[in-house]
Every structure is written in structure tokens, then in C-alpha cells.
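Taking the form predicted alone, here's one chain by itself in C-alpha cells.
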């Protein structure tokens, strides 16, 4: 409607001098008129020149006084024409702000006598402030001195009015032409394209914004942990072997074959391929011997070790299976101290609930060197966890089949106000290390923790299924903040 009015008016007239006056005269919304002018100007139907005018508008306080009267006017009319009124009673009739301003302005204007008994000094007054505010509201022009006075009382504020003056443009037409955006096969076959006007290509137009990828909170925390290990001089172990044999996952760690963790209800075993065919035979024989009859100062477990059980393939239940492979490879060369770490996925046949999944990520670190002690392990743990922002640590004796001594690691959580278990640690047993071929004076200290627990604490997530798995809200992936471990 606005477009028809503008183009139709210019067909009979040279110019629209003021878009505001044009909108008022034709009963149109000025914002609609401005938008149409911008569009027509873009297609060169019209030439438009900016018009800017400084106007004054009432503030919220000004609007209030335009309706109810100025504070001095309200106070004056609240005073009886004859006699007077106690100041306390007058104060009750008016709001605190109106009473405060009204007293000052009415006394200044010499309208009332402000004492304990307030009385009028004049019979009639003209509420000039209210009249001026109404004039401004109606768009009338008032004297500059009055503007200055009202502005000083913060009853009016300046406002810039934007409009246009409009003339015919180079492509003016009484009606906008419809441009064709696409050249079709039918247009070419029929020849209709010859009589059509096509929309020009805008080579400067921006395309649709590309949707970028977003890092998962687990990946952010994992990256930070990886940087911490690298800063401490650790070397990352290859962890791309999700399918592992029972031998490397359990037997090489001196974990007996009748251990409950090896049951099908705790571990995922593969149907195909169900067994492995590649194991170092001489090492297998030494592992079998230490399980059955002991050695290296150990009595062993005194049972008939089964090669068939060791050959079974499974989804690894911990990344320590990777550590056992790396230590075995290290033992086949002249000994060199090493610091290894890994962060990757492991699998356990557990019931899924708010804190457990059948797959999760394990963080593991180990140091292999001569003469290491439990004190070295505790010192390294303090160094490592302090970099995660966990300065207060406690340790509790624990049991693991392949570490002795073993310790659970607790950190004091300021937010929870209590000690929280954050990991497990220990020194690998001689029954695990010496069959590999490592020197007798070599010790290995190690520790591990899950990646999910610190991530959930850091990001305030209470249910692990909201962090990992098919129920994750993609919005969380897009808006989660940067990781601030140790900050």
C-alpha cells in the first residue's frame, strides 16, 4: 500500500518533500514508508535524500506530569483556598517525589507559604509546566528558554527524527517490475526469456553463514589433560586397539583367570573373531608359570592356567592393556626410563545409570625407572593433580591385582564441601614386570582416573547420559564454555 502511494504520487508530482508529512497525509505508518523508500531506492526507482530533525520528547516523568500536572501545580491545588493545611497532612496527599519537588518549586514561584501550616499566597496559578509538556507532546515548537528549563528538570529528552525527501530515480516506473531470478529450460524452449527482465547478479552479496563444528566438553577437557601430561614430559601411547586379547588385558597384568572382572557379565567378549592368534610364545610361557606356581618372590595363584581363556578377544576394559604392551616392548630393548600416558575409550558390561555407562574414557599415566618408590608416586600425583586445580589430596590403601602397594586418590572439592574420590594408583607388581624381561631394579608407578568425572564436575552435569551418548543435547555442544582446568 505504501509503495503504490509513493510511486503513484511521484507519477503526478516532482517530489515528496518530507516522508513524515507524506505518511501523515496518506494515513500510513512512517516506518513502513521508510522501508519502502529504502527498497525503491535500492532498485533505482527513486532517489532519496536523508532528512534529520532534532525533536524533543517527554521522559517518563514528563509524561506523568503532562497527565497529572507539575509537582508545584499538584501541591498548590492540594492546599485549601482558604486557611491552610498542616505540612504533615499535605505530605500525606502527595507522593514523596511530588511533595519534595513541589515544595521547592511552589516556594520558588511564591505560590505558597511553606511553614508548619501551608497556605496559598495567590488565589490562582497557571500550571505552565504542564501546558508546555502538552505542547511538546503535540509536536508544537516552544521557546528555547522553556526548552532549557524543562531539560534541566529532566522532563524532556532530545530525539533525532529520520526521514527522506524523494524524487524519481533513473529506473522509475509507476509500478515495480517483477524480475525473474532463474532462467529455466522452458523459457529457452519457448523463447519467453527474450521478453523478460532478469534480476542482476549481486556478486558482493554474502552467502549463507557456514555452520562451524563445535568441540565436545570431553574433547576440551581431554585436550587440557593431554597438554598437562606433555608439559610433565610424558609420551602418549598408541590407543587405537579397542579389541584386545584377554592375555594383554588380564593375564599379562597378573590378574587370575577366575577373577570376577573376567566374567561375561562384566566384560564384552567378541563372537567373531573370538580368539587371537598372535601372542609372544616365550612371554606367554613365563606368564603361565608365574600364574600357576609363582616366581620372582611370589607363590602365584596355584591353578591350572588356560591358554584358551587367554586367547579370547574382548573390548578392552581398561587402557592398562595398552600399558602392558608398551612395557613389554620396552623390555625387549636396552632399558631406558620412560614416562607414558594415554586417554581413550574403554568398555565394561555395566548397568547404565546416571553415573555409569557401558563405555567411558580412562586417563592413565605411568613412569618406568630404576629405584622408584611410593614416595615418588605420591609426589608425582601431587604435581599432576595440582595442575588440574586439585591442591588437597588424600590417599587410602586399596587392592588391585596388578599393583602393590595400591592407593585410592581423594581430593577435597570446595563446591561439594567434602572429599571426593578422583582416581586410583599403585606400583606394578614384580609378577607383572619381571616376566616381561625388565631389569629387577626397575619399578613402575602408575595412576588412572576417568575423563567423564572431572568433566561432569567442571561443567555442572549431574547425569553422565547428558554428557555422552545418544541422549546428549546438541545445544550443550554448541554453547559449552572453554575448559579452565587448574584456573
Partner chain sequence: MPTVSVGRDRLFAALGKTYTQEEFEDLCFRFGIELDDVTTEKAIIRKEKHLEEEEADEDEEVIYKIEVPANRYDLLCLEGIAQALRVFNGKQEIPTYKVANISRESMIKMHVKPETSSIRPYVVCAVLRGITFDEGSYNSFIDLQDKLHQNICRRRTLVAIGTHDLDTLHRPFTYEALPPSNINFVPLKQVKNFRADELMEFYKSDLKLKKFLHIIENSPVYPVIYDHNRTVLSLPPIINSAHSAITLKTKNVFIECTATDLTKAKIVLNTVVTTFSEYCERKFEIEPVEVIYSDGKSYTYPELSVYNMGVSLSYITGAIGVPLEAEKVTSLLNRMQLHAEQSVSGDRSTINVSVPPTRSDVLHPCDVMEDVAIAYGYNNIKDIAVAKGYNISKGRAVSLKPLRLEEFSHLIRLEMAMCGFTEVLSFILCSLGDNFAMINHEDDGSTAVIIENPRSSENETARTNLMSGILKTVGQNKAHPKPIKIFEVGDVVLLDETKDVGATNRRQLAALYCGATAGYEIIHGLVERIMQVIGLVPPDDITTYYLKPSNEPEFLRGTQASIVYKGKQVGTSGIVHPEVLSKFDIPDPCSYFELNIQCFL
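Please read all numbers here as calculations on a predicted model, not as lab measurements. Numbering follows the first chain given and starts at 1.
Here the subject shifts to the form predicted in complex with the partner chain, a form of this protein not shown in this document.
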{"property": "Residue contact check: residue 323 to the partner chain in the model of the complex, 4.5 Å heavy atom", "result": "no"}
{"property": "Touches the partner chain in the model of the complex: residue 369 (any heavy atom, 4.5 Å)", "result": "yes"}
{"property": "Contact of residue 394 with the partner chain in the model of the complex (heavy atom, 4.5 Å)", "result": "yes"}
{"property": "Residue contact check: residue 169 to the partner chain in the model of the complex, 4.5 Å heavy atom", "result": "no"}
{"property": "Candidate spot 8, 25 and 137, all three touching the partner chain in the model of the complex (heavy atom, 4.5 Å)", "result": "no"}
{"property": "197, 200, 278, 82 - the one with a heavy atom within 4.5 Å of the partner chain in the model of the complex", "result": "278"}
{"property": "Heavy atom within 4.5 Å of the partner chain in the model of the complex - residue from 177, 154, 214, 289", "result": "214"}
{"property": "The partner chain in the model of the complex: contacting segment from 73 to 81, 254 to 262, 90 to 98, 128 to 136, heavy atom within 4.5 Å", "result": "254 to 262"}
{"property": "The partner chain in the model of the complex - contacting residues of 393 to 417, heavy atom within 4.5 Å", "result": "393, 394, 395, 396, 397, 398, 399, 404, 405, 406, 407, 408, 410"}
